[in-house]
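What follows is a single chain, given as structure tokens, in the form predicted on its own.
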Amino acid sequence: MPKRIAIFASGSGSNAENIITYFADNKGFEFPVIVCNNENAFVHTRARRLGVRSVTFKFQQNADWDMPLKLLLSEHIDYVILAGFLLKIPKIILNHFPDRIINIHPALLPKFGGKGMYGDRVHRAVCAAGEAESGITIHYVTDNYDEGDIVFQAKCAVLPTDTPEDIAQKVHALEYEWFPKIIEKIWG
């Protein structure tokens, strides 16, 4: 029986596309739905191109998570991946998927994590701090931002001349290389 995985994304969806493409020939994994909180996000275009259903929900309060939970249960989802999803996952979802939700963070946690630390904000902070390295962290999701057990980290050098955009390119390369492999390793 293939593992059924839902991807949560808020923006462009490049990681979602990379993951789905990586598993295209692997019959052990299915990606029946992408859940998004932004109806104008480019992830919906990517989903259509890939033949994957994408759904937008407005998450104003915890009660708004009832419908996404019903969707996940009706789709018989086994695991959830956060790939650029910017909202905190509430207990109602965490309780139904204990230790079955992972996130990718564009830095080496515990540094540069927490509420509001995502995307370019992280790369600017790494640059401003004069860090010699950055990277990615794949971790389990808990009810605290970026505090779940770390599954995997990969590092890249940060040169004194690197801009936040340079760091972003290096980090994206690590995300595309490692995120699908780690999903396959832990859930395969």
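Remember, it's a predicted structure, so these values are computed and weren't measured experimentally. Note that residue numbering follows the sequence shown and begins at 1.
Just so it is clear, the following notes concern the form predicted in complex with glycinamide ribonucleotide, a form of the same protein that is not shown.
**Q** Identify which of 104, 89, 80, 108 has a heavy atom within 4.5 Å of glycinamide ribonucleotide in the predicted complex; exactly one of them does.
**A** By the 4.5 Å heavy-atom cutoff, the listed residue in contact is 104.
**Q** Heavy atoms within 4.5 Å of glycinamide ribonucleotide in the predicted complex: which stretch in 157 to 165, 47 to 55, 115 to 123, 28 to 36 meets that?
**A** Answer to the contact question: 115 to 123.
**Q** So, residue 11 and glycinamide ribonucleotide: in the predicted complex, are they within 4.5 Å at any heavy atom pair?
**A** Because a heavy atom of residue 11 falls inside 4.5 Å of glycinamide ribonucleotide in the predicted complex, the answer is yes.
**Q** Though the partner is not shown here, which residues of 168 to 186 have a heavy atom within 4.5 Å of glycinamide ribonucleotide in the predicted complex?
**A** Stretch hits, in order: 172, 175.
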